[in-house]
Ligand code: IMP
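Before any questions on binding or motion, here is one chain by itself as structure tokens, the form predicted alone.
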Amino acid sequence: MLRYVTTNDGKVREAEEYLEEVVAVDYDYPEIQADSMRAIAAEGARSAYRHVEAPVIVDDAGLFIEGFDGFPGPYSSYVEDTLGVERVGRLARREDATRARFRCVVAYCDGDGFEATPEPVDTEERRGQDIAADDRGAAATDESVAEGALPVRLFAGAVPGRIVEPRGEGGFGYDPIFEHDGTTFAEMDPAEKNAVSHRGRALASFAEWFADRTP
């Protein structure tokens, strides 16, 4: 059984499209302040694994507006809570900064090491630290794990789009203002969104790897 640390039912439904046995876990892990979603997701997965003592996945996702140098990016959740989705959309359209991209990082931790591969593995402990922008994600061997850090495997997904007037009743977060191929994420049904979404792409990559990881 794989634990997905989230309280968002929509995320769980997306994961169920790719994973056979996944269950939501409500755990409010401490989120480090960082400019890198890889760092945030990796440290969240470490904290969650220590809490549940079982294999876990954690995701971190954000809206990156090109004309705003990627803002709100890793701070998307905070900006949603403080400024609101519609205000972000209005600002982007007013400044003619509508080109955007959704990005997601899925982080997996099960307490064991990983064989060295080209895919990212994070082994840097960051508890209590602020992290500058860092997308290193270098591969790690079991020897590096022996030094004490819990390794975390990282899987990324992204989808391009543009910021538009809010449309649609589905989805969550920034979905109503993010249009991909003429349709906002909030206008898509779950199957349509899963097929193209940033989280779906990251989960698909993870699921393919995880199938070989599990007996």
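Residues carry their position along the shown sequence, with the first being 1. Being a predicted model, the structure only gives us computed values, none of them experimental.
Not on display, but discussed next: the form predicted in complex with this ligand.
Residue 201 falls outside the set of residues with a heavy atom inside 4.5 Å of this ligand in the predicted bound form. By the criterion of a heavy atom within 4.5 Å, residue 80 is counted among the residues contacting this ligand in the predicted bound form. This ligand in the predicted bound form comes within 4.5 Å of a heavy atom belonging to residue 173.
Although the partner is absent here, residue 66 sits far enough away that none of its heavy atoms falls within 4.5 Å of this ligand in the predicted bound form. Although this ligand is not shown here, in the predicted bound form the stretch 44-77 places heavy atoms of 59, 60, 61, 62, 76, 77 within 4.5 Å of it, in sequence order.
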